[in-house]
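Starting off, we have a lone chain in the form predicted alone, written out as structure tokens.
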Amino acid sequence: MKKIILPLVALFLCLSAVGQTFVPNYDEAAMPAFTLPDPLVFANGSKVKDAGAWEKRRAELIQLFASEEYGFTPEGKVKMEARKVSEVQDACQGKAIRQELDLTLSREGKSVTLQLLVVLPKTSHRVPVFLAYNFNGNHTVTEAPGVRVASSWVRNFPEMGITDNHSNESLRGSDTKSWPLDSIVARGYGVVTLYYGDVDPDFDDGFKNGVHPLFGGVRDSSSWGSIAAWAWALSRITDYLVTDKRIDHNKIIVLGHSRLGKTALWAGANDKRFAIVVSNESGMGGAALSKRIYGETAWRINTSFPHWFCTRFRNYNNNEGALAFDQHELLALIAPRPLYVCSAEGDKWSDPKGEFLSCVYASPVYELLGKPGVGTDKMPELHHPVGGTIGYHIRAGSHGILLYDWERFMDFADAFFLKK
């Protein structure tokens, strides 16, 4: 059976990486009492009263998240070289140009090559693009025979035919349901995607592979983990995209699903060039409030995926109440730029209500900056998007990214891009 929905792999890995001892809480009544920190209050207790003060508070929060959760990204530039590998003029039923590019990042004698797939609608105008990672290789997002099979390490998953940590030809086009390229191009948007394992393989390898070695092997408790590395590479790809005259540099949308939704949020918080940030079912360590203790917890995520965050984040295993921050403040770091968060009703693991509440509690920052937030504190019904500069929807179904989600992302982007 070819049409496997690959994002379900992310959920499978979450549920299987540790034994059967963890029982998630899905009972609102069993949730501990908690108090959320106010994003508009400095660590010293003084209040943020204007946009200038918010920029200082924003810097304080960036430092806090880096120190305690995602890790500090090392400073230092890399050399970047782009090489076009292939190009076809008749992609997406003749309506798009598809390119494969090798983007090589080099520093101090070491290098990493990222394989980009770029699909842009045929037009004489610069186009907005979605920049997003895929889970199993560029060849899985399209049935086109010319697109290369991913060469980087992938996690074994025998049900999908992956048994030697390498993807294969049998997976070509297996994730097109998550990547409706024809529909995206028809709306006037382009897509830039790559396999996230090109940047850093998704296993606890001691940070010896991927981009981490570009900056040496010295680490401490607040050194960057894989999510920070994936986020950093999105900014390096953007360094290249802003040189492409076919792309509207003011309309680059960073998007991510699941663990890559966490990545998109951290990338958007750190890089203001992303005009819109989209988080799809990012859950714990993404859009969901950590202090709710609903679904995935700090202990579970740090045990299942010890390489995702800095090791200091483990201090909050079974201790989320000690956090001096929560994920609504991560969302607030994107203000005043548009932000879209979405959930699925059946994806309790990612805590849909916690994702929505993050939007609610991030809204005061948007309002301080003169932008409407999510506009309601009532959880919306299924398939009824809400919001202003923060958008949110919850749909029926399970963990994944569907055409319905993409349509809402594009509706949201249209509302900001078309009025300019």
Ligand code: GCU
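Numbers for residues come from their place in the sequence shown, where the first is 1. All of these numbers come straight from a predicted model, not from anything done at the bench.
Just so it is clear, the following notes concern the form predicted together with this ligand, a form of the same protein that is not shown.
- Of the candidates Tyr340, Phe313, Phe135, Tyr294, Phe135 is the one whose heavy atoms come within 4.5 Å of this ligand in the predicted complex; the others do not.
- Screening His212, His328, His139, Lys262 for any heavy atom within 4.5 Å of this ligand in the predicted complex leaves a single hit, Lys262.
- Contact with this ligand, judged by heavy atoms within 4.5 Å in the predicted complex, is confined among 159-167, 180-188, 99-107, 301-309 to 301-309.
- At least one heavy atom of His399 is located within 4.5 Å of this ligand in the predicted complex.
- Taking non-hydrogen atoms only, Trp349 approaches this ligand to within 4.5 angstroms in the predicted complex.
- Remark: Ser258 counts among the residues lining this ligand in the predicted complex, judged by a heavy atom distance of 4.5 Å or less.
- Under a 4.5 angstroms non-hydrogen atom cutoff, this ligand in the predicted complex has Ser282 among its neighbouring residues.
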